[in-house]
Ligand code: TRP
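Just the one chain here, the form predicted alone, laid out as structure tokens.
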Amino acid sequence: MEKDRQQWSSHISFIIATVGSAVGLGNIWRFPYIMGENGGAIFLLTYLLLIGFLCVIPLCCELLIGKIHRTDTVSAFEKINPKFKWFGWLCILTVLLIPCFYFVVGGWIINYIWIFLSNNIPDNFTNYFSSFSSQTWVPCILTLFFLFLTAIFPYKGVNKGIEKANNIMMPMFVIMLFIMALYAISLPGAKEGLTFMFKPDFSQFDKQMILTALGQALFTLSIGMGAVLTYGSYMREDTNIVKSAYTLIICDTLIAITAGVMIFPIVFSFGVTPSAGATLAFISLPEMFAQLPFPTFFGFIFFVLLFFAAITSGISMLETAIASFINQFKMTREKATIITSSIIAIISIPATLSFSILGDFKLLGKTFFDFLDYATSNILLPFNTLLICLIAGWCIKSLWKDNFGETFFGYAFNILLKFIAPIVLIFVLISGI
């Protein structure tokens, strides 16, 4: 058991680590293709309004609960009320299930890095991706290898492992992302891509797009799985919650937008439909990189970007479960890391094999990989976020007064927390089910 609660060495380290937690495949892989499927600029505008005015509420709540109680997710909810301990474990279940399919994609990324690094670029990425993902052993080995690489950092601790990893990876990530974005906007056809991103077509505005934008915002901010709460528990006492929350939102959103600026000009330059879907990163974009000057360089940089995004988010997921195992079962950090990684390894194998020998195994009509994605993204995350709002709004006395005072923001926060956010989240949950 960790006797002394570790803290971030500085406020900037906290911001970098929390941004690293939020910035993941949701920004670089998921955000562009979802934006492409939902009308481009009008989706972006809806997303910005939701993340800035609604999603900031549960984000502040998780940070506050973590900062106030300075402990793991399970213990924090137990301190609020012993009856809420089960909810802490539900968050841990969520944060254990997400890596089981998320790390499968991490394994694919490692494979694609090797393809471009070795200049062994396939002639047809559609056939290649289908052939590669349907193998039995190689994808499993790569999934476990990605898990191993991720687990190294929480194994070493908050300052020596997690903080150091984010302080190195995130600046490199941002630099490479901007290099790719600057190159993309120099391509012929870039103007059409930027118009698609930034000129709203209000005729495409509908209810389903609002729900999709809200779901993406919750997913990208890592709300509802205890990761933000855990990172918040390592905060210094003088950290301003609201400023930290909006700094996180601004950084996360700028990176997602920059990812779009990197991808859509390339997509429009080659005449590919922006709604290419989840295959955009592993089929459409690699085929386009192969036609660019220096294809190995740009392909390699893009997948290293994806790797950094995936591993920094993965670190926060592992740390959330590890911190709870340490406190709940009086484990050492090393033992908790091994147990957490073992659980994820066992569940991730059938998720990886969903594209090969377990392709016919279905849960609710979905492969095991798709079921994990659906259950966590459409049900558990919105449900957990709903409960966080209800617990923070109705079960923690004077949360808004004690932290925001009787100000306009304080009153607005209270109304959004108690009434507006729960109602919207209930609609999202019903839609997901």
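Sequential numbering from 1, following the sequence displayed. Only a predicted model underlies this, so the values are computations on that prediction, with no experimental measurement involved.
Omitted from view is the form predicted in complex with the ligand, to which the following refers.
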{"item": "Candidate stretches 160 to 168, 314 to 322, 120 to 128, 147 to 155, one within 4.5 Å of the ligand in the predicted bound form by heavy atom", "value": "314 to 322"}
{"item": "The ligand in the predicted bound form: contacted by all of V56, L214 and V424, heavy atom 4.5 Å", "value": "no"}
{"item": "Contact flag, T220 vs the ligand in the predicted bound form, heavy atom cut 4.5 Å", "value": "yes"}
{"item": "L285 within 4.5 Å of the ligand in the predicted bound form, heavy atoms", "value": "no"}
{"item": "Touches the ligand in the predicted bound form: M262 (any heavy atom, 4.5 Å)", "value": "no"}
{"item": "Any non-hydrogen atom of N27 within 4.5 angstroms of the ligand in the predicted bound form", "value": "yes"}
{"item": "Residue among F308, Y112, Y102, Y234 with a heavy atom within 4.5 Å of the ligand in the predicted bound form", "value": "Y102"}
{"item": "Of V95, A256, A76, A351, the one that lies within 4.5 Å of the ligand in the predicted bound form (heavy atoms)", "value": "V95"}
{"item": "Residues within 4.5 Å of the ligand in the predicted bound form, restricted to 223 to 243 and counted by heavy atom", "value": "M225, A227"}
